[in-house]
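What follows is a single chain, given as structure tokens, in the form predicted on its own.
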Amino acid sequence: SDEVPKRKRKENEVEQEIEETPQEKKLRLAKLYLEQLREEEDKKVEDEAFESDLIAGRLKEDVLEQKGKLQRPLAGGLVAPDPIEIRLLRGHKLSVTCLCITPDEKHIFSASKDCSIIKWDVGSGKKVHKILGGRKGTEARHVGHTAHILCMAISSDGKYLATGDMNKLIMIWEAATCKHLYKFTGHKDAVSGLAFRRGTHDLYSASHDRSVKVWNVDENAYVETLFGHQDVITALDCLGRERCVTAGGRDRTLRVWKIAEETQLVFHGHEGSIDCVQLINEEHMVSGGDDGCLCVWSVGKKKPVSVVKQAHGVHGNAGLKEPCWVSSVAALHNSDTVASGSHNAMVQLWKCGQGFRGLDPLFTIPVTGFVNSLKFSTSGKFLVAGVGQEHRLGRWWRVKDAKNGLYIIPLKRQNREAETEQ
């Protein structure tokens, strides 16, 4: 019974074909062809529109980044890593004081109070190179540091590595080979902060002598010195603009230095020594100090736009409790994600609110010891913590259970959200 309608349908189709004259067939095919062309053209226009939207989006992002207003909402999608996935790299005999990640995220450099520098392979976790520290008094013949290294920086093209020590010295190395290139002298006390201006080989250094110096590494040359802090400078950071930010320890100020204009902006808000600072984007920064506060600042405001008191809790005996010092901060550039470290056995991740107002805790990562340095990889795929038994800047007390080394903390995301303008 099914076969009858099928046969009839076929007969009808044959009849239609017979009824169609060659002229009509040409017309029908021409219409089909035109329809196809129209569809292709529409698709092309759609693709072009999508492409131009992409370019426009990228340009908008670049403009926002230059203005210092780009805040990618990444924090909401972050998930706490499984403690098993956190890797510990050990190689330094004493506390790790500073670290930096190469722009291609394949290597990490770390330095320590044992005066040594280690280059690590991120993939395997193995040492690629170790520049040994020398004994005090062997400066003349030893290639390397003979005093505690306090700070380090790598240029944005990954060419130069700079390290600074308690002995007033800045050393410049070829990052690829760890070959020693130059030695910069000029600071009158410990070098505590270093940063390369992005896209250049201009190096900014900060010291306990209260000054900021500018160097041109390509030319192996000193450029200028800037003064303003009333106490030792403990940290320094910069991004792409010709300016840098410094933390002035017990003078309780942060300063943004406009290098070309030779002017400075002064910011107040901490109640104790400011020990660390990092730029989030060109217009916002995050700082921490021994008052236990974590502060987020906007360049346009003299006071912090958000403050978290006792960001890492308190320690000590009942009645004598003090806030845990915030010893390191890190920011995932142009995003809403910030991390802070102390000595309360955990690294804390934070989400900045809209327009950087408000800081909400995301999750904690177990890390025992003084977290002396924190750095996000450029892509935000991992966070590295430099940990020691002692604080980077002194020997006030020791965390005996701590292991001196680097913790590589993977950062997983649930989903990626669209960028927003602040």
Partner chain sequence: MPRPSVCLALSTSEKKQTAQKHKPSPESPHEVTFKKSKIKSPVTKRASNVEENGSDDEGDASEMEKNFALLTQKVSLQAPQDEISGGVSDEDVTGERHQAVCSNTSGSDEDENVSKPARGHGVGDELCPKDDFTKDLSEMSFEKVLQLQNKMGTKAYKKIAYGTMKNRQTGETVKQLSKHRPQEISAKKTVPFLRKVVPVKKTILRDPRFDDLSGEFKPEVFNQTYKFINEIRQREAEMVKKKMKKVKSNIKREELKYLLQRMENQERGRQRQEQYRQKDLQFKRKQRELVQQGHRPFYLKKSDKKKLELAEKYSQLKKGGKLENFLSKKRKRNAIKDRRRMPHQKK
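Residue numbers count along the first chain shown, from 1. It should be emphasised that the depicted structure is a prediction, and the values quoted were computed from it without experimental measurement.
One more form of this protein, predicted in complex with its partner chain, exists but is not displayed; see below.
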{"query": "In the predicted bound form, W350 touching its partner chain (heavy atom, 4.5 Å)", "finding": "no"}
{"query": "4.5 Å heavy atom contact, K183 to its partner chain in the predicted bound form", "finding": "no"}
{"query": "Proximity of M166 to its partner chain in the predicted bound form, heavy atoms at 4.5 Å", "finding": "no"}
{"query": "In the predicted bound form, L89 touching its partner chain (heavy atom, 4.5 Å)", "finding": "no"}
{"query": "Its partner chain in the predicted bound form: contacting segment from 115-123, 330-338, 129-137, 254-262, heavy atom within 4.5 Å", "finding": "254-262"}
{"query": "Among the candidates K302, K159, R241, H142, the residue which, in the predicted bound form, approaches its partner chain to within 4.5 Å (heavy atoms)", "finding": "K302"}
{"query": "Interface residue in the predicted bound form among L203, C293, M346, L226, criterion: non-hydrogen atom within 4.5 angstroms of its partner chain", "finding": "L226"}
